[in-house]
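Below, in structure tokens: the form predicted on its own, a single chain.
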Amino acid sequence: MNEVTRLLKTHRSIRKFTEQPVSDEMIHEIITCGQAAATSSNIQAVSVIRIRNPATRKQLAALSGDQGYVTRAGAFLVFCADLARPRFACEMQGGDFAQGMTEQFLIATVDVALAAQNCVVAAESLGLGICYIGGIRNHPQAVADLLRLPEDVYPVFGLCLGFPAQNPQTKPRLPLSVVFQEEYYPAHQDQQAIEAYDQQMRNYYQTRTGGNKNSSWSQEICSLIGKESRPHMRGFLARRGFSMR
């Protein structure tokens, strides 16, 4: 195991930060690393907005489910899937932008995820902690209005960055045998391995919460995907120009 693989395997979400600021130089280095990520056909359909204004951060924290660390992190970034810039490039060349294609939506969203993860690894290598904020999609139109996002741009998630003020345990992941297959998808899920992981996660939750949470991975997943999740996103995306045709 080298330093890079060790870093990747010890990732934790950090929700408590010191008051030490994150310098412009660090932010620029982190975003430049994000730009170096793979991008489909070099479309580079990513824009990143840093939020410095305390009032704006407070609003974003509330819109994201009252996640206070959005206001307390040394830096807060919003990662956006951006087809407005490729549209502009197309129009510069006298072309007509084919708006609303599902493939373009997928390309832009995947580009954001790849760039953001590069940023995360870069940030952690510099001694920072991070926490993704998917709650930015709780009220995406309000976020889009706040950040003045044009058509063909949508906020995918936020990212808290800062110097850690906590040292949480690394959350266990599913066994490699469950997620890695050879040649074809298995005919049956490995229930025994998942049940063993459930117990591992139950122990993790008990330790992390001082015995206040008694749950397993499959229980958490059941409560998550056993109900509708942000049904407003389809309409919001259509209004943004992502009509999925």
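No experiment lies behind these values; they were computed from the predicted model shown. Residue positions are given as counts along the sequence shown, with the first one as 1.
The form predicted in complex with another copy of the chain exists for this protein as well; it is not shown, and the discussion that follows is about that form.
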4.5 Å heavy atom contact, S216 to another copy of the chain in the predicted bound form: yes
Contact label in the predicted bound form: E19 to another copy of the chain, heavy atom within 4.5 Å: no
4.5 Å heavy atom contact, Q67 and another copy of the chain in the predicted bound form: no
Another copy of the chain contact at N118 in the predicted bound form, heavy atom, 4.5 Å: yes
Triplet M1, C33 and P175 all within 4.5 Å of another copy of the chain in the predicted bound form via a heavy atom: yes
Heavy atom within 4.5 Å of another copy of the chain in the predicted bound form - qualifying residues of 184-207: Y184, Y185, Q189, Q191, I194, E195, Y197, D198, M201
